[in-house]
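Below sits a lone chain in structure tokens, taken as the form predicted on its own.
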Amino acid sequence: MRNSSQMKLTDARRDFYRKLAKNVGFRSRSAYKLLQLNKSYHIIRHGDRVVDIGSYPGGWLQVAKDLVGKDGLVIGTDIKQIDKLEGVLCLNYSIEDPELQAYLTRHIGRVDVVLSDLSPNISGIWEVDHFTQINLSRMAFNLASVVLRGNGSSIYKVFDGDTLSAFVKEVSTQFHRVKISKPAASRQSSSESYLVCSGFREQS
């Protein structure tokens, strides 16, 4: 169990990024997670074509759009309706909807980066929440396996738990490099981290 000083530090860090996001106009404090991950691993580059899965309310979309610039393309999708963002294509599909893959393959084609910050509705039963979250990330990975170009990159949120290592091994079969990273904007006491994947092995 965390002591009171640890809880205060966690709350202070969360409030810091929340206030910072509000001051600069980001839709969520999680925008800083993507900024920090990209600073460390350079996943998103100018001119890239990026798909962000589970992108509501749009903090990652704002970051991605700034990183790809006017020559790039950013597509966001979520089961919740995303408020319009200039220069971003917002779709209203769940990762579980087969029409999402159909739309992307038909209208978008291959992309450079797939992002997934998917999280389930938390039940409070950790084993259930962990399993559900990894399953969501696995669906994002399966979609990425279809729409990523060769040598493309992905980022997947993951919850620590019994099935994480198996998922890391599964992802590693299709990417040359897979790193587990926890950005400073994440609560350090949480089980949340991210798989940062690069060098996609496109299937022939």
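Quantities reported herein were computed from a predicted structural model and do not represent experimental measurements. Numbering starts at 1 and follows the sequence shown.
Quick note: we don't show the form predicted together with a small molecule, though the next part is all about it.
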Exercise for the section: Identify whether the small molecule in the model of the complex is within 4.5 Å of every residue in the set G58, L136 and K157, based on non-hydrogen atoms. Expected result: yes
Problem - Contact flag, E127 vs the small molecule in the model of the complex, heavy atom cut 4.5 Å - result: no
Practice task
Find out whether any non-hydrogen atom of K80 is located within 4.5 angstroms of the small molecule in the model of the complex, and reply yes or no.
Solution key: yes
Practice task
Give a yes or no for D112: in the model of the complex, does one of its heavy atoms lie within 4.5 Å of a heavy atom belonging to the small molecule?
Solution key: no
Handout entry: Distance check, S94 to the small molecule in the model of the complex, heavy atom within 4.5 Å
Key = yes
Problem - Stretch in contact, per heavy atom within 4.5 angstroms of the small molecule in the model of the complex, of 140-148, 66-74, 175-183, 49-57 - result: 49-57
